[in-house]
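A lone chain, given as structure tokens: the form predicted alone.
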């Protein structure tokens, strides 16, 4: 069986070279390979076979890295899960993914699944990884409220990461400080696997805290909220950031004010890029050359980007083949371009600027939140007839969820708000509405369809 090129290159790195730092301990490429092979043996002893799906519901850490490596070695398909998701959020994903095993520290959330509290070690299984096909099944928030499965292949990853090399210049001499969660394309593909492909080093943290970066870190990938929270330290102690040569921002729009403030403090212009779970990275500003604040640069090599009636559409080897297990016939054009649902425009130099979203998604601190998913939970609250959710501006998180609520006759606002907050407790933190409004009716069009875009404009929300 022929290994995917990604694995061939990963396994060719000098085994004695340091690669991963976790809680003060460095592991070499040789140790990381051995960890993956032993984890693969353990997965095999639990009945996992090549092509089986394994769900990973773990926080950033060595256990999660070992689980990814074990699945890679065995050729199992990884299903990364947000470790903060609750049972109501996990249920539709598990129904569609049908994992043979869930690795989790919270087995009570998976009463109908085979679970283990983190991976173990068994007799080593060599890295063969199976054919060059699906390596991970990621779920993205859909506008219908139900998460959509996105199969990501080895070839998608390899092509995209190679195309990014010219833009981000991550080499075997560099070290990435990674604080992004490994259940998302940004942290998993660009972060962890970008390092493994390049032969660089990875300094992994459990989460982002606005503290000084490790002194040897050269690269950092984040979301706008990270930079807003980091800015006071940058301005107070710029020398603590002297080793960094690249700061990348994505998953949400970065304001010109934050970009300019970081540049003023450190002399580094944050590099903005654009991507999706369905496409990995689409475009990026350059490492060397003109980084234009407020734009996401130009299309990566091999990727075609066009604007049709203002919508960004993309085609290329990094674009997925379709949602699983429910194909969306409207997701692609007849000539094979993926409809992103994002609105864009070209600037005078041919750089792409994202100017809005045709979709209803709310982006809270860089995390996509489906209003329909939140509505489906809140409408179950006692005394509630209808709920419409939207994004509201927030200085820290860019957006938060607001909920406009129609009450059943005879229901007091106080009782309804208590019931709504109790229902919202079943959602992970960023999905919970920060502001509520009691309304007589929700804005709808002539056909009765909810107009979420009008909620923020027409409804007065409380604090």
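Positions refer to the first chain, counted from 1. Only a predicted model underlies this, so the values are computations on that prediction, with no experimental measurement involved.
The same protein has a further form, the form predicted together with a small molecule, not shown here; the description that follows concerns it.
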Which residue, 135, 284, 251, 318, has a heavy atom that falls within 4.5 Å of the small molecule in the predicted bound form? 251
Check each of 175, 299, 384, 367 and return the one that places a heavy atom within 4.5 angstroms of the small molecule in the predicted bound form. 367
To test your reading of this chain, name the stretch in 225-233, 100-108, 301-309, 261-269 whose heavy atoms come within 4.5 Å of the small molecule in the predicted bound form. 225-233
Counting only non-hydrogen atoms and a 4.5 Å threshold, tell me whether 84, 276 and 428 all contact the small molecule in the predicted bound form. yes
Is residue 220 part of the interface with the small molecule in the predicted bound form - any heavy atom within 4.5 Å? no
My question is simply whether residue 168 lines the interface with the small molecule in the predicted bound form - judged by any non-hydrogen atom within 4.5 Å. no
Does residue 186 reach the small molecule in the predicted bound form, with heavy atoms at most 4.5 Å apart? yes
Taking the shortest heavy atom distance, is residue 242 within 4.5 Å of the small molecule in the predicted bound form? no
